[in-house]
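This text opens with one protein chain seen in two forms, each one given by itself as structure tokens under the names structure 1 and structure 2.
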Structure 1
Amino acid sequence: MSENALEDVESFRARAKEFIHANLRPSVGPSFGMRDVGSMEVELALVEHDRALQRALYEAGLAGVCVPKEYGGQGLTPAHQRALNDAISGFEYPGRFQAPTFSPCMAVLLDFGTEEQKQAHIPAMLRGEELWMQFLSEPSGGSDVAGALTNAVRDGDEWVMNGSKIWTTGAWWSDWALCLARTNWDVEKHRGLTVFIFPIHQAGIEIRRIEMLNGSKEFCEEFITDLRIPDSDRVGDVDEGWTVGTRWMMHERTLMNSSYVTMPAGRSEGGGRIGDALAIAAAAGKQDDPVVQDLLGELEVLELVSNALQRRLGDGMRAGTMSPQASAIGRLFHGSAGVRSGSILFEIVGAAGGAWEDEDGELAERGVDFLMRQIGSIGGGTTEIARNVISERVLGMPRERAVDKGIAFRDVPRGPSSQHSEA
């Protein structure tokens, strides 16, 4: 095979299977999720294990399947990535790197980063050396990402940033951030934004962990005070951050079908819950219950439809026959199906969903999972926003009336909790 010839998919699949079976352990549960894993030391050990897994995949030529070779990837096709997803199904994988390090962060750098930024960071991501987070949501903003109040003021060849971000999963153990900030208060809100990158652990950034109802402290809030960022760490043009942001959010919505993400087949679009459900039904002794069998059938259908939908959306967007905004269709279905999947598992568990002991095995903690099921409709962009995107940008329905249209952002009325120092 010549140096420029692509490895055929079946050869790649065989090579991936050989490495995976020889080097990776069978999966014993979610690689990365919202359950409380215990102490800080346990969490950090799991992070380091993911770094080691990612490094092993890199050294085996299985990292960055669709990333260009000049940035440390394999330069292959989405079909090769799907083959890897099939091959790694049932085995451990570096889940903490898939989102948001590879998508949307790496994807945004590939789309908008300078050559220096790509060379500095993408190979490091693929080697497991850099874990990235997105500093996007703000305490006062809700789903209105464009209403960012965190601001950056230019000072020569640097920018000085002040503000706060919230709901950043895993910021306390990550390395770099992709951040949306306001750089112009005298134009409409969408026109005065700029995107930056910077190391998370440095003077000027304070991280506070937020404890959720299940004991997990993965969510974080970041307070940014006089953080100095070199202009070389700006992504895209000044005040054109919304152009970057719309692509950024498209990558976020298409995470489960991204050609940059290694996601074991059967663990993704519809929640990947059918395997869990079968184990729960067996543990509860309900595998022959006709009501439970109906619920299992519903889960199977959700998974099949979700997988088919995501493949169709991915193929359509890559071929240019569908707008990138169609990614919101998959986002909406994924969020809705995930909520229903969590409810179905809770129904199957029965009484153990309300009270359990450690020895309940597969039945334990399913009640907490039920209470946490709405996360899938919020994280990665809310399903409400997805409905708006579908109606306005896919179906072409009239846009909702915007009260801040044509108004400089500094003149948009804001409540006391949203007051912010302005440049």
Structure 2
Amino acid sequence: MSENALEDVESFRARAKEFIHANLRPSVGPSFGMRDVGSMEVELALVEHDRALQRALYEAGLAGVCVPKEYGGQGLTPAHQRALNDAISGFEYPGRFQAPTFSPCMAVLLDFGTEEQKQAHIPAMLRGEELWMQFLSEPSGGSDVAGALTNAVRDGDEWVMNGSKIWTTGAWWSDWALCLARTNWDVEKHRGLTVFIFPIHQAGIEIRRIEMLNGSKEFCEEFITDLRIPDSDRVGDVDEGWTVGTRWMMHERTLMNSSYVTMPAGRSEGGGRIGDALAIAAAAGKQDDPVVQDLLGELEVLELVSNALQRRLGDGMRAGTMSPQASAIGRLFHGSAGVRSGSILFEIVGAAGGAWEDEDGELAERGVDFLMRQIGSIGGGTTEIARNVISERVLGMPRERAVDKGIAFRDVPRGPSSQHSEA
């Protein structure tokens, strides 16, 4: 494709704006604290709406802005993606497709998938037909994703998989999975992994919805029993899954700056709480309390700084003056600021944080949000791991002593709390 053929950014922006204003509804405000959205029927309807939105964007030539045309994308540049992000700001958008379907899943397929895999799945994603999920974390694993115990054994042209995965958002309404599994126990941890893809809804995969303490059932756990996967659904080489995994993690960490992801500009996960906070303060009758004003100011400062920091990191990584590992700085800030913001909101709520009536409006349910205060420091890689990455990869400090280096994975100590079914 010659560069001349590219649509210029401003005309793209105009085209995007026109479509968006004509077809999309204004967004409802961000909601925090990961509350229960309601019944399964309600949630399924929301998923179907996202599929329809994605389909509409696809038909308008606004899906997969930076995806090559041969896979159904627009073959344009990050600048076009940013123009779309600007244009869609304040409007609804197919949020469930962005992460993890477009990144990291689609990004990993673009990096490592076979031509057949790309042709089979990327256009389907862009048309809103395939929602993907990451089968990555495991119950025994915590932060050590490369320590996967889910096991895949070769059987002719197929693989047989057993194990379990956890913290998969909405596995029950998704279509395909990108899965990291162990294929060799006799080599070092990182050298015995392989990546596979497979449809989620089939015999051999049992899905359990996990109830969080606030009633949300957003996450699932999957039990995989004698699942058969054709070798053609392997991504990357056998036992080279960590090569794929490293890029996969990188795509996950740089999600906020991904050119595959449509994310209304000015929106960031940690942001937007000041409106909530002002409403809470008003409901509590404390908007003029100087201590509350101090807290409100702190909350807003954290949000402004968060936005400035994400912009700085994005600029630095794009310009190459910062390594992709610097995204861990944004992750740590987001986690820490989220914890502090959660405390501030709870402080302002006052007594209604412990017990409330439905009529309390903005004050109701805030205590439950506080119980979930840490969620932003746990989900998507803990802040502890981010601190390791920053100190070791960004600042170059000595790595932690790795007990699991230089020995076969089957011999790595796993402690009394971890049982697993080994090959």
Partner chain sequence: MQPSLEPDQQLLLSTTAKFLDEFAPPAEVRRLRDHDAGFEPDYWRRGAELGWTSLLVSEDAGGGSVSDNGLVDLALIAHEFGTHAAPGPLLPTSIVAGAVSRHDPGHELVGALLCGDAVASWAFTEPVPNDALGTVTVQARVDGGDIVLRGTKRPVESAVQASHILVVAATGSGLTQVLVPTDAVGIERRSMKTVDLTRRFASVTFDDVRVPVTAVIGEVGGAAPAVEEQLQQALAILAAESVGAMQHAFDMTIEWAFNRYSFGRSLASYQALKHRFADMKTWLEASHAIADSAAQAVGAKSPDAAKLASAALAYIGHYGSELLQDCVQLHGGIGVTFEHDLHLMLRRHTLDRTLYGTPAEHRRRVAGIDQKGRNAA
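Only the largest set of C-alpha atoms that superpose within 1.5 Å between the two forms is called the rigid core. If you're wondering where the values come from, they're calculated on a predicted model, not measured in any experiment. Quick note, the numbers are simply positions in structure 1, starting from 1.
Visitor: Looking at the two shown chains, say which is the form predicted in complex with the partner chain.
Guide: It is the second structure that is the form predicted in complex with the partner chain.
Visitor: With both forms fitted on the core, check whether the Cα of A203 differs by 2 Å or more between structures 1 and 2.
Guide: Result for A203: no, shift under 2 Å.
Visitor: Quick check on R51: with the core superposed, does its CA move 2 angstroms or more between structures 1 and 2?
Guide: Comparing forms between structures 1 and 2, the R51 CA shifts below 2 Å.
Visitor: Quick one: once the rigid core is lined up, does Q119 have its C-alpha move by 2 Å or more between structures 1 and 2?
Guide: No, the C-alpha moves less than 2 Å.
Visitor: Core superposed, what is the CA shift for G342 between structures 1 and 2, in angstrom?
Guide: Displacement of the alpha carbon, after core fit: 4.0 Å.
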